[in-house]
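Take a look at this one chain, the form predicted on its own, written out in structure tokens.
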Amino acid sequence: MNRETEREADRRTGVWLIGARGNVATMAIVGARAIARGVTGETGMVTAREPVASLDLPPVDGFVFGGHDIAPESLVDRAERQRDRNGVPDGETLDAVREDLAEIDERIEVGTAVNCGAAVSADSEQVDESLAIRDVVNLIRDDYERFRERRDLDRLVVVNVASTEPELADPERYDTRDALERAIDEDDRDLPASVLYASAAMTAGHPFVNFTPSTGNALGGLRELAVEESVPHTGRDAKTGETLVKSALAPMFAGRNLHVMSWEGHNILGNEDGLVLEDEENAAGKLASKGDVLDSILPDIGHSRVRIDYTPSLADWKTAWDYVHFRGFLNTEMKMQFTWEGSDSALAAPLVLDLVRLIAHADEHGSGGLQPQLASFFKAPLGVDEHDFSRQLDRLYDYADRHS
């Protein structure tokens, strides 16, 4: 085996997706396999652009996918539905990866949906709800390990791309590793699925990415565990659309000393995430992370509000309309409006692939705990208070310069 072959053998990176048959996961898998088969490029991937591209990252065509889900619909059926309703992926791309999707679908295990609220539908399949919480965590961990062993993987990265859960009441109860372990052992039924998936991953040493607003790895107990065991993790709530624009635009108003009196944002989307967010409990965490961005960058903002409404006919396409009312020199009142329209999953999927590559790099280089260089990917980046998009990108570029 020559040196290059050895290098590639070390790059069999497992990607375990929580919510593996959802829109974002399906699009990420389609995209990765389309890249591997040479039928699409890497537009939209941060890791394909310098200076990040200079890092020694695992190749996307070496990703081996598996996952958990509670949805009975197959990956092929989901991809076909996305093609028919949204036009993404197109028919040619889907045909090129259809066999890959069918094979990957066989690796998707039945998951848990404890405390997931509106994310649980009547036709869902999930592990026995009467099982003790510790037994559920052990089952999840066994699924991870069996996948890694059977596929002879060098590394496994777990990514939560499931629907948004209701917020966890009183998360401070789990602020230490001991408190969290005790809660799991005592069958604490308040713990949501995202925490169970994260705990199973991180106790086994697998890097974890929380792409969602759900609690997951945000608990103090898991953050303590990650430091003690040197497990890299990151999150939460990926920044793909309207909030991305806000985090780039709001610093302009701050930098020019223009006083923003009001910033209204109205989002409409028609996919299952939009339907889940119709439930007030599921929507609470999402709205909080979207709103915190402006409060951080513009602390003297007079009024800001975000709405998210489900509009079935839009399918996976989402539209955001923002109205900014601001005051400038001589107390002159002015306004700015913008509309953002995009395919929700096509915006999110490349970031999933980026985050897998970057957190695998951190793991390979022994960087455990939170990864502040990944803040630019999230609305509520764990461990980072900075929300200015350009400054967040500087963290990533500095990381790339240090490790290139």
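Numbers for residues come from their place in the sequence shown, where the first is 1. All figures in this text were calculated on a predicted structure; none of them were measured in a lab.
Absent from the display: the form predicted together with another copy of the chain. The rest refers to it.
**OP:** Could you work out which of Gln126, Ser74, Thr203, Thr319 is the residue within 4.5 angstroms of another copy of the chain in the predicted bound form, going by heavy atoms?
**Re:** Spelling it out, the residue with a heavy atom inside the cut-off is Thr319.
Original post:
So which of Pro372, Gly62, Gly369, Gly44 gets a non-hydrogen atom within 4.5 Å of another copy of the chain in the predicted bound form?
Top reply: Going through each option in turn, the one that passes is Gly44.
Subject >> Stretch in contact in the predicted bound form with another copy of the chain, which is absent here, among 106-114, 179-187, 215-223, 240-248 (heavy atoms within 4.5 Å) >> reply: Looking at the other structure, the answer is 240-248.
**OP:** Report whether the minimum heavy atom distance between Ser130 and another copy of the chain in the predicted bound form is within 4.5 Å.
**Re:** Contact with another copy of the chain, no.
**OP:** Could you confirm whether Arg134 comes within 4.5 Å of another copy of the chain in the predicted bound form, counting heavy atoms only?
**Re:** Because no heavy atom of Arg134 falls inside 4.5 Å of another copy of the chain in the predicted bound form, the answer is no.
Original post:
Does Arg327 make contact with another copy of the chain in the predicted bound form, using a 4.5 Å heavy atom cut-off?
Top reply: Judged by the heavy-atom cut-off of 4.5 Å, Arg327 is in contact with another copy of the chain in the predicted bound form.
Original post:
Does another copy of the chain come within 4.5 Å of any heavy atom of Phe147 in the predicted bound form?
Top reply: Answer no; every heavy atom of Phe147 is more than 4.5 Å from another copy of the chain in the predicted bound form.
Subject >> Neighbours of another copy of the chain in the predicted bound form among 303-337 [non-hydrogen atom within 4.5 angstroms] >> reply: Heavy-atom contacts within 4.5 Å come from His303, Arg305, Arg307, Asp309, Tyr310, Thr311, Pro312, Ser313, Leu314, Trp317, Thr319, Trp321, Tyr323, His325, Phe326, Arg327, Gly328, Phe329, Leu330, Asn331, Thr332, Glu333, Met334, Lys335, Met336, Gln337.
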